[in-house]
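In what follows, one protein chain appears twice in different forms, each by itself as structure tokens: structure 1 and structure 2.
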Structure 1
């Protein structure tokens, strides 16, 4: 089997496995896997930037929360159709990523990381300042009626577990396939070239800044789509999703799963999610255990699980 065929078999198999899992998972894990798929979409968006373009951002919570509020607030206050809300949230995140990118891409390295974090903190403080609209950390919950709608002749209820799971799977599948096609395209090769040696890429005639802006915009779009889907599928939006924690989490998910790998964000998100979930059940100081496991994984799998697997055994992994 050729490397190209292996790639499609592997990723198609992952999607098929996720589809079949919904028929055997108990209710608790059924909801958890749906949540993991949405968050993994967020991680895929983040991985496009850090894993394939080499830009370390600490401001991605801003894009996730833009999708969250951009979809959730119009639905909550004005009764906007959920599909229109999802598209609006994703579009607003795309526009914000493009505008912010015009500014932050004037910097590089540590300065880029700090400036993105400053923008995200300003966004977070804005969600607290406009407490009358967002309810701050308390947040808002979408009514059940707002999550029932008709679309293409189908009557959908996003509170129904099977519908919620398959919507999350559709979102994740779309993001995975986009990422897979992108990184294997000429555009993806230029992004990787920028990551490896930006100066040499410029010497070859490519405008590195334009490509980085495009990568940041696409990353913001996927992150915003994940945020919009989150509020629609799980009915809650709050300022905590704009906090620095939600900029650090996708970084951890990508590092654990395998930076610069297509399947890595899903592996890292699932591992981190269940690591926190299980350890928090048995002890209050669960972050100590989580930290110890993270250190061990970094020591023994320095390129993440999928990244180390690619380095040692499967060079064909994208």
Structure 2
């Protein structure tokens, strides 16, 4: 098989597998996998920036939460149509990422990490400050009626597990295909070139800042789309999704799954989701696994699962 065929078989196979899983999974795992697919979309968005452009952000929770609130609040308060809400949330995250990018891309390296973290912290504090609207940590729950809607002649109810699962799958598939197409396109090549050697890329006549801004905006868009889908599918929005932990989790997922691989974010998200889930059943301080896995990955396994696989066996993995 050629490299191109292998790529399509692998990624098509994963999506087919996820589609078939819904018919065999018990209820509990059915919901979990839907959640994992939405969070993996967030991880794919994060990976566009860290994995393919080489920018380590510690503030992506602000984009996820912008999608979450941008979709959720208008639906909650003004009864906006869910599809319009989803588009609005994703669009707002894109705009925020673009504006934030104009500022933070003046820095690089460690300063970039700290500045993105501080912007996200300010965003988190703002969700607490506007407690009257967002209800802060307590959060808001979307009513069942708000999640029932007609679209293209279909009657959809997002509280329905099958609908929810397939919506999550569509979102994830879209993100996966966008990522796959992007990293194999000329634009993706320039992004990777910036990751490998920014100076040289600039010498070749590419405006590195513009490409980084584009990568950050796309990354924000995907993260925001994941956030918007999250509130629609799981009906809850709260400040905790804007907290620093939600900036660190995508980093963890991507590092575990394989930084700079298309399939890695899904693997990392799924493993970490179940690891945290199982640990929280046995102990109160389950977040210790987040710390332990982060340290272990950085020390012993910096390429992650799919990255190591690519290095050892499958050079063609995108």
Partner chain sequence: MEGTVTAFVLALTALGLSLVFGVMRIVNVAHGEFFMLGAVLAWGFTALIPELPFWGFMLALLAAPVCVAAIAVIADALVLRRLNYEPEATIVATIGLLYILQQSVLTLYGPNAQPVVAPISFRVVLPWFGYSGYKLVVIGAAALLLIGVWYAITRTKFGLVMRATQFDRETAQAFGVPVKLVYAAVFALGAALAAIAGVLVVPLQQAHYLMGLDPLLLSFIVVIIGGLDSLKGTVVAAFIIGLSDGIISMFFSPTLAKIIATLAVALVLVWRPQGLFGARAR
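Only a predicted model underlies this, so the values are computations on that prediction, with no experimental measurement involved. Positions refer to the first chain, counted from 1. If you superpose the two forms and keep the largest set of C-alpha atoms that fall within 1.5 Å, you have the rigid core.
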Pick the form predicted on its own out of these two and give me its number. 1
Could you tell me whether the Cα atom of residue 286 shifts by at least 2 Å between the two structures after core superposition? yes
Using a rigid core alignment, state whether the CA of residue 14 is displaced by 2 Å or more between the two structures. no
Could you tell me whether the Cα atom of residue 300 shifts by at least 2 Å between the two structures after core superposition? yes
